[in-house]
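What follows is a single chain, given as structure tokens, in the form predicted on its own.
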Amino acid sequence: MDLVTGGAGFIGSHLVDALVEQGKEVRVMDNFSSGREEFLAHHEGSGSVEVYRGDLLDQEAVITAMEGIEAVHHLAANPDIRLGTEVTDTDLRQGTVATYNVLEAMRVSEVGRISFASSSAVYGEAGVMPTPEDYGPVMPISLYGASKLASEALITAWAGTFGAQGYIHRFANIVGPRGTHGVIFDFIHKLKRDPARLEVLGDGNQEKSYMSAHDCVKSMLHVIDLGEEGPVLNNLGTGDTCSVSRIAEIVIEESGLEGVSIDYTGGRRGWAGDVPKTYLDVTKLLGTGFEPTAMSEQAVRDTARVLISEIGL
């Protein structure tokens, strides 16, 4: 049985779907602070998915959830980078400390494999683009990025000290159905409040790699199935980028609204800790035979379409 922490969340629930497709039995551990029961409702009664409601900050609860587990997919984290600027220990607790608790429960329970959802945020404002996995030194500029980098270090330390096998996945910006945060989600809600005007944080020139949730979880499992000796580190993305101004145009196009003005607040960053440009080098991933089904702009458009349907405009 595989354990998915944060399995009722956006990416986590898509991973649960993919694992079930592979014929796996899955236990989800989630405190439902941002995860939603409806994201897993289609598995109810299947016998394939077991839901354990618990918090990763409760060490005993994590040890209980680890019983009978062969591999852990650790996706639980604070999903909103901007929250860390207001509640500054959010990422420390929900990221770094939570990862320590998962690893310690794995050690106690003799579980030897962990797959971890890291982020392009660990690179900070990289001086090389597209940015390869061996770029360094990595200097994150957000508390979220710092917590992901600290978690990576804990995983490699556990691997070196206790012999665990670790897979570290540095995600591009992941988008798709069930999204509960992020630029596309925010734009749709802003248009719902005011169909005549769309406010864009920053100057709109922020440019990032986007990957569909479907491609993200498929690439995670693809990398794990290769059976490489670890720790194994991979950028997961599409190898291209899309700007925030283009995302604003796409969301307006998919909304069907006419005469919408786009107003920029100005500045290079959308918020404190926002990296103006991230562009991941995915040569390593593509070299293993994985091919994304949608590039950045198409992933954004597909997501805008489905979220508009889910949220309503």
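Heads up: residue numbers just count along the shown sequence, starting at 1. It should be emphasised that the depicted structure is a prediction, and the values quoted were computed from it without experimental measurement.
FYI, the form predicted together with nicotinamide-adenine-dinucleotide (NAD) isn't displayed, but the following is about it.
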From the list D274, E249, D55, E50, which entry has a heavy atom within 4.5 Å of nicotinamide-adenine-dinucleotide (NAD) in the predicted complex? D55
Looking at nicotinamide-adenine-dinucleotide (NAD) in the predicted complex, do all three of R82, P140 and Q206 come within 4.5 Å of it through at least one heavy atom? no
Report the stretch among 156 to 164, 74 to 82, 191 to 199, 107 to 115 that approaches nicotinamide-adenine-dinucleotide (NAD) in the predicted complex to within 4.5 Å, counting heavy atoms only. 74 to 82
Within 4.5 Å, heavy atoms only: does L307 come near nicotinamide-adenine-dinucleotide (NAD) in the predicted complex? no
Within 4.5 Å, heavy atoms only: does N31 come near nicotinamide-adenine-dinucleotide (NAD) in the predicted complex? yes
In the predicted complex, A172 touching nicotinamide-adenine-dinucleotide (NAD) (heavy atom, 4.5 Å): yes
Contact between T131 and nicotinamide-adenine-dinucleotide (NAD) in the predicted complex at 4.5 Å, heavy atoms? no
Sequence-ordered list of residues in 124 to 156 near nicotinamide-adenine-dinucleotide (NAD) in the predicted complex, where near means a heavy atom within 4.5 Å: Y144, K148
